[in-house]
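Encoded as structure tokens, the following chain is the form predicted on its own, with no partner shown.
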């Protein structure tokens, strides 16, 4: 008699920042759950993205602060970054967090199955693992297969001198020179890391400004900051042709006709959806022309019982968005009723200085024909920021001209990734600029900059000189 196939209420494919929370939430709601992962739990974010880059940035920022110690009255001599030790620490951090996720899955009685999954008719999931194939029966399936770095046909990625972001996180030594193709979030973060380590960097950007999805003021000021750090940025430019691959470098011709050479070249132009090989076409699951899985606000595909979340559904491709999508899908897959709300989603860029944003910026407000008041406050006028020696940047609030409600914010400066959440909560609650301005903020503190920007919206800022005086 054949052995019965294991049956689960919910099977999650992928244990990244969307998949493993979905599995845990489904288990919390009483479901029997399995999660299938072909590589490491935590996915790209934990192993080859968010956490590794932030760990490297923590080290390089410490190097930068040590070099500036003299201006704080502290003498530090012989500052010597140890790239090998920095990379070892990065791995220790990711390994610690991976163990934490494994413990959480075990504590919630979620079965972790190693292998590559695909869907077959009859609500069955085929798993190909190192020890052979197995088939699971599932009442509901949540697809959380994520994305991977996009590649350009211009470059031969089999050459060691050409890197994706994943490759860059495995470098055994710091390159003396680096060409970065793309000046978005990923490219800019790597520029901050390697510039501090002494790498000579040229960034190539197709659009007319770096960080093209950010507010134009943020892009302009970050470009100025990068240039002061010695990073060269070429906008409205593409790599026309690779002239030479060498063991120790690469030579390219760019669209202006100039020739650039560097030890390494990093391609950071976005990501592509991991929807292939899942058997979705055979089941009739709808995808768009780029391979994005189409879902509704309940994270349901057009096929009953199949959900999809995270990068593979496109939209706002951020780890924290994937997490919330996973929670929504898990609740709906276990008899609940939940929908995704994308109206207030913070985003952070961990450059130096950091960037935090939420809601509308001035460019999008203009595109949508929304009349807004824009109010700013500079960290150069904030006591805490000056005391910290981090007085670059500003807070910008985008405020509805008719209702005074805060529609968005952009923060560039110290701890922007933390500060943006005050505005995020305010927006979620429908707060006005007046509400923020009349909320007492501790002094001296960085959040005072948000209060001052809100006060300035009504001409009440104490630390902003009146115009024309």
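Positions refer to the first chain, counted from 1. In this text the structure is predicted, and so the values were computed from the model without any measurement.
What follows is about the form predicted in complex with a small molecule, which we do not show.
Although the partner is absent here, residue 315 lies well away from the small molecule in the model of the complex, with no heavy atom inside 4.5 Å.
Interface membership of residue 410, defined by any non-hydrogen atom within 4.5 Å of the small molecule in the model of the complex, is ruled out.
Of the heavy atoms in residue 322, some are within 4.5 Å of the small molecule in the model of the complex. In the model of the complex, the small molecule stays beyond 4.5 Å of every heavy atom belonging to residue 436. Listed stretches are 53-61, 397-405, 425-433, 24-32; the contact stretch with the small molecule in the model of the complex is 53-61, by a heavy atom cutoff of 4.5 Å. Using a 4.5 Å heavy atom cutoff, 17, 144 and 186 all lie near the small molecule in the model of the complex. Only one of 421, 38, 65, 441 lies close to the small molecule in the model of the complex, with a heavy atom inside 4.5 Å, and it is 38. Checked against the small molecule in the model of the complex, the candidates 389, 81, 291, 115 yield a single residue with a heavy atom inside 4.5 Å, and that residue is 115.
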